[in-house]
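This document opens with one chain alone, in structure tokens, the form predicted alone.
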Amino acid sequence: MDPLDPPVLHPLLRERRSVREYDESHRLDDVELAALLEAARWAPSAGNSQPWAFLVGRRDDGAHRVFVPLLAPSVRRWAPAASALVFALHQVASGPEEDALVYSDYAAYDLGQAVAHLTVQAAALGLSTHQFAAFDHAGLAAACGVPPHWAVTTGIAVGRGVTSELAPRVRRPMAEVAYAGRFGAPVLPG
């Protein structure tokens, strides 16, 4: 086998899918939720600033009932069936508090790492995730009391996925995404 073939990927990464069908009988328990958030909490960040936060609503709780009307119709068709809706936030400035986190230019990047850790942990627990941005960001910030030095960034549906979506996963060729010192010069063949 060619060492560059995709099968060398860890199975949690290779099998990941953004599903839009969820088992509505699954309930995300406290242990699962803690594991997801703990994985995100331990993600690397610039200067260990950890400039992320999460708003969580489990299906049928009060937060979930606030979140669902703020979803765009395209997302509202499938996301409410997930066991939880998690909204990811990142810091966009230093806050007014005396002990406020110092703002990092890399906060959005760091949040991306935290969300990636959360999604891999979800896969390890046999859960599926689907990230989305089609929702009323300002409405969510207002409804949840998000301070002005934080930005609501993306949503993540989490739950036990139903595997009816088995279309092949497709990615751009490696030669189009990884370059050898100069943009456009492929670092690896293919």
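Owing to the predicted nature of the structure, the values given are computational and were not obtained by experimental measurement. Sequential numbering from 1, following the sequence displayed.
We do not show the form predicted in complex with a small molecule, though everything after this point is about it.
Taken together, the three residues R17, W78 and R169 all come within 4.5 Å of the small molecule in the predicted bound form, as judged by their closest heavy atom. Taking non-hydrogen atoms only, H130 approaches the small molecule to within 4.5 angstroms in the predicted bound form.
The closest non-hydrogen atom of Q50 lies beyond 4.5 Å of the small molecule in the predicted bound form. Contact between A134 and the small molecule in the predicted bound form is found at the 4.5 Å heavy atom cutoff. For the chain shown alone, Q121 is not a contact residue for the small molecule in the predicted bound form, no non-hydrogen atom being within 4.5 angstroms.
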